[in-house]
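Next up: just one chain, as structure tokens, the form predicted on its own.
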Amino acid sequence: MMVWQMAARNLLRNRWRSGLSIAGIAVATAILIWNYGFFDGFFDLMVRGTTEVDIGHVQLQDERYIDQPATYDYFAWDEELQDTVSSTAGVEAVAPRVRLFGLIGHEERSSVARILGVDPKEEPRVTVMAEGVRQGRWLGEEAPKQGAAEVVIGRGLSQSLGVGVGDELVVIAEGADGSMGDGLLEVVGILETGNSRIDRRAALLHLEEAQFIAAVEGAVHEAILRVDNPGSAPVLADELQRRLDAIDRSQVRARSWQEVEPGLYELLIYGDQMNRVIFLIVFFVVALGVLNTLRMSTVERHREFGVMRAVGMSKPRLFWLVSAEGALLGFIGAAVGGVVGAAATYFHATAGLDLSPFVEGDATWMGVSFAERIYFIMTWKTVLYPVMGLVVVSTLCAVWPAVTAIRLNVQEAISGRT
């Protein structure tokens, strides 16, 4: 206890110098915490905006469809396959889909659309598209038996065609058998998910209606899965592939989102590496400041150290005293910075960070829109890692001054010749 009291007293001898060092450590800690929360929130938005809106955590597709998607590369979606997929450990929900590209419009305007046939009951369990309906409603659980089929379209497609809820459209698409499928559609909802792939060109129909247009009754082009741990999707996909091979469905390939979107996965890895580089740079700058403070402090106290050694203070105790000064600098600065950084990060985790002043229009990256807010992610690691890291850095910076202090010649130090 006495060592810590002496360390605090020594730091207070030059309040201005010690205060600047503490302020530097505090600012560095706060910046690291804020940066940590921002990048975690940014990459979480990227992953969720891609997997929870469009591709799911794991996809099942015909192996031919993977290389070059085509309407005729489908696979049968039967009860055996569905039970095999659903019973795999870690799978929370499965949604079959039919994918088409076709022409959708009315007598005045038309546009190429990305047509998705979905199961209105299962799709909301896997993706958040149903939550993205901003006008009208989601598809009904049962497809209409007569009249126009229901369709939910993206906001961009709605604006391009100049239609809204209640308007009718016609869809034309090539079927798997080479025929041209068509259908009359009634717009029941306008979709805005934050994913430009969906919002600009998507048209969502009942699965049965899309199967009819594509001439693939009883089959699908893909099934997307929601899993309990998105990070373990590659392991789950491998296990699922083994189960598919066991029931003689090896032509159906199971791929994790990391394989489906390798660019996104590489971005996450790059972001993690970039975070480490930022940490190292900040730690280095802080280390220089703390080292300078402690070196100046010990040089000014050579005579004091000589007297302390002369009256019986051991080298280990003197070493610990100087080291305690570095640790105390780091602890106080990191504690203050931790409180400030945690408060700022918590604020942006709840209120979000509005990026609209920094972007023009509907700025998107890899299909995900950044025109609105990014919500930071704050965990115990967000605060603990920067705080503990800078305390350790400050303590290590005291080693050199401490070694210098214990190696002083007592007589020369007392006489002032060092």
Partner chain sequence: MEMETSQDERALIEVRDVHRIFRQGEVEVHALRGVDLDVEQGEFSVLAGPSGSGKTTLLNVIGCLDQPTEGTIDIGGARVSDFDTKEAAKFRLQNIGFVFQAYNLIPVLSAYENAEFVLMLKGVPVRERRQVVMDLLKEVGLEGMEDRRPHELSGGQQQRVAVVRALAGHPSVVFADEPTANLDSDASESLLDLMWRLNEHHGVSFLFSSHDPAVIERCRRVIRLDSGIVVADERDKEEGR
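Being a predicted model, the structure only gives us computed values, none of them experimental. Each form is matched to the other, and the largest set of C-alpha atoms that superpose within 1.5 Å is called the rigid core. Numbering follows the first chain given and starts at 1.
Below, we refer to the form predicted in complex with its partner chain, which is not included among the displayed structures.
Within 4.5 Å of any heavy atom of its partner chain in the predicted complex lies no heavy atom of Gly263.
Remark: Arg9 counts among the residues lining its partner chain in the predicted complex, judged by a heavy atom distance of 4.5 Å or less. With a 4.5 Å cutoff on heavy atoms, Ala89 does not count as touching its partner chain in the predicted complex; it lies far away.
Residue contact with its partner chain in the predicted complex: Arg17 places no heavy atom within 4.5 Å of it.
The stretch in contact with its partner chain in the predicted complex, judged by heavy atoms within 4.5 Å, is 298 to 306, chosen from 74 to 82, 198 to 206, 233 to 241, 298 to 306. Arg317 is the sole member of Lys121, Arg317, Arg137, His106 with a non-hydrogen atom within 4.5 Å of its partner chain in the predicted complex. Of the candidates Ala310, Val170, Ile278, Ala287, Ala310 is the one whose heavy atoms come within 4.5 Å of its partner chain in the predicted complex; the others do not. After superposing the rigid core, the C-alpha of Val410 moves by 2 Å or more between this form and the one not shown.
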